[in-house]
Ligand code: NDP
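Here you get one chain, nothing else, as structure tokens; it is the form predicted alone.
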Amino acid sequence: MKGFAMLKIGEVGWVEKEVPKCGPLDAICRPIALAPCTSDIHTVYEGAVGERTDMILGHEAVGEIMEVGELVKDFKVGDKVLVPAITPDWGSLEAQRGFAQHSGGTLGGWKFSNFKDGVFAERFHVNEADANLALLPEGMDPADATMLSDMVPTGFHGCELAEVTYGEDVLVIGIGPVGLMAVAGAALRGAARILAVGTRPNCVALAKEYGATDIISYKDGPIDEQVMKLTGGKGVDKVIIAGGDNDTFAEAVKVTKPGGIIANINYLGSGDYIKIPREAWGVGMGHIRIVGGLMPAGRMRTERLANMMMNGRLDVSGMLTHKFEGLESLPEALQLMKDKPSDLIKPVITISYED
């Protein structure tokens, strides 16, 4: 089979590999929709997870099942399925502790394009199909459905980590696709005021549609100073970091009320340390929690998120700004994620088959 791969740090290209083997609990799929991610850029061009050689990229897909293992109960050949970016080992001790996404060790549930070939190929392997896949709902656009792989669950997880609840003031730093989903999630959880940091016009417009009440441009000065001015010096209850860099944490701490929570869902692809301002953190005693988490996964969560889309609670179509057809479009789509032109939110590729 053909796959689009990280050849080494800083270099991508097509490779030929054997079709993966299907274990008794697993499934082999072919993609019907794919979406490149900024994480792919961190992996390839920053070497964020270390050197990888000829590793097929990609972790956002909707697929069609081509083969299932003999112990798979709920899926069959021909089923069209939602494929989460994170595919844990559900029998692991970490899963039993409630952290399946770290099965086998930190980030261990993140298999695709980390330590296992990803979905940017003519075929890809999914472990524990009954637990990790979900049926594509009838009538759902496969292009829209790719957002259920990573963007929606990651953005919503930021709201869960921050424990956003009704009536709170929430700051979302970064309104790329993940941050936009954090804005949408905060609104759905009842946040009263949602301050969103970003500059690209289409992202700003969509953030407002999803519920942002205030837009902050980092080009206009330090984020923390703008937030404190907008809030009359009070700050915010919760912060969700979905963009920026290691230094963004300092600004987040400076605007968080005592007892507040800072939730990071941003992939920190470079640097060694994060600096926390001592005084703003209450000299270590301000009850300001800083948490970070990889998105949860699994069939039940994916089905629930799909149910929200199918019942009109969430519309992701506005995020799909660049649409392509065919597997051969992957290099161009990935380059868009690297270059990030001003009109980009998310590229998506759909793939049709004659059989």
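The first residue of the shown sequence is 1; numbering continues from there. Quick caveat: nothing in here was measured; it's all calculated off a predicted structure.
There is also a form predicted together with the ligand; it is not shown, and the following applies to it.
J.: Heavy atoms, 4.5 Å, the ligand in the predicted bound form: which of 90-98, 134-142, 206-214, 235-243 makes the cut? Say which one.
T.: Selected range: 235-243.
J.: Check whether Leu57 has any heavy atom within 4.5 Å of a heavy atom of the ligand in the predicted bound form, and answer yes or no.
T.: The answer is no: Leu57 has no heavy atom within 4.5 Å of the ligand.
J.: With heavy atoms only and a cut-off of 4.5 Å, decide whether Ile290 touches the ligand in the predicted bound form.
T.: Judged by the heavy-atom cut-off of 4.5 Å, Ile290 is well away from the ligand in the predicted bound form.
J.: Taking the shortest heavy atom distance, is Phe75 within 4.5 Å of the ligand in the predicted bound form?
T.: Output for Phe75 is no: heavy atoms all beyond 4.5 Å of the ligand.
J.: Could you confirm whether Val183 comes within 4.5 Å of the ligand in the predicted bound form, counting heavy atoms only?
T.: No, no contact at 4.5 Å.
J.: Give me the residue from Leu171, Ala263, Val178, Ala191 that has a heavy atom within 4.5 Å of the ligand in the predicted bound form.
T.: In short, Val178.
J.: Just one of Lys254, Arg200, Lys116, His102 has a heavy atom within 4.5 angstroms of the ligand in the predicted bound form, so which one?
T.: The residue in contact is Arg200.
J.: Which residues within 13-44 place at least one heavy atom within 4.5 Å of the ligand in the predicted bound form?
T.: The stretch 13-44, when checked against the ligand in the predicted bound form, contributes Cys37, Thr38, Ser39, His42 at the 4.5 Å heavy-atom cut-off.
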